[in-house]
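Next up is one chain by itself, shown in structure tokens, the form predicted alone.
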């Protein structure tokens, strides 16, 4: 990455992977990737090698989230460098293999982009997950997708909280992109969720092709083209992107033994992305009492009552709605 005038310059994105089955019971990504493994014509773009990949085949075979441990939390430096071979948990072994194929993580040899496809049981709709507010390439891509699918909605969740961020499978790439689409029960395939995911991937790959064909940073050819207002591809000028910034993880109320004693309040259930104000109902105890939100200001909850997060002691996460400015980008 470098700078040219007011643009941020990135190398062309020539190697792209699409992961399905990071969680083996999230069926949209599993089904799409298996479809594309058989025939990848739909996901190929000029000058781009796009590789569909089942990330956790044993979990997919069992139709379970994972076998030994959550693969989407397994890409820490400690796990990726751990000795032990067959004695390691299956998902740690798999993380090391994925890192060898698509990484090494943090290196110039790593894949340019990894799309990691997920389903949620929460009423989140289509959500793109951003791992860094400084990734102007991904910000521009997400802005492009949001405009391309209008009037449909696709929100952006930003997770760079130092205590809540985790080591995802997609983090192996230079530009990691998560995609959550729901609501969809675990182990179930819904046609509308499947098609929404497919459409977003189409526009994301279109963006990469357009970027690769766009103007180059700081060459005589580009300067002459600018003077004549002629470009082969598309230029991506500065833009703004609304994001929902993860701020806090909220657990279910529990007793002294750690047992859950309340459930998500009916006024909050299925209200992902809607404002939660101080004093609003948040939980309802099993004997019908209401527990109210006691925060200092309005937040926007999401992943509300996600089935997979009971084991992680999470009822939902709160977010702050903010606007980020993405710099203009060009290929280096």
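Positions refer to the first chain, counted from 1. Computed from a prediction, not measured in an experiment: that's the story for all the values here.
Form predicted together with another copy of the chain: not shown, discussed below.
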Does another copy of the chain, in the predicted bound form, lie within 4.5 angstroms of each residue among 38, 255 and 263, using heavy atoms as the measure? yes
Mind telling me which stretch in 148-156, 78-86, 205-213, 187-195 gets its heavy atoms within 4.5 Å of another copy of the chain in the predicted bound form? 187-195
If we test each of 68, 274, 49, 270 for a heavy atom within 4.5 Å of another copy of the chain in the predicted bound form, the one that passes is 270
Work out which of 99, 168, 121, 93 lies within 4.5 Å of another copy of the chain in the predicted bound form, going by heavy atoms. 121
With the partner left out here, check for me: in the predicted bound form, does some heavy atom of residue 307 sit within 4.5 Å of another copy of the chain? yes
Although the partner isn't part of this model, could you tell me whether residue 44 comes within 4.5 Å of another copy of the chain in the predicted bound form, counting any heavy atom of the residue? no
Going by a heavy atom distance of 4.5 Å, is residue 298 a contact of another copy of the chain in the predicted bound form? no
Partner proximity in the predicted bound form: residue 31 to another copy of the chain, non-hydrogen atom cutoff 4.5 Å: yes
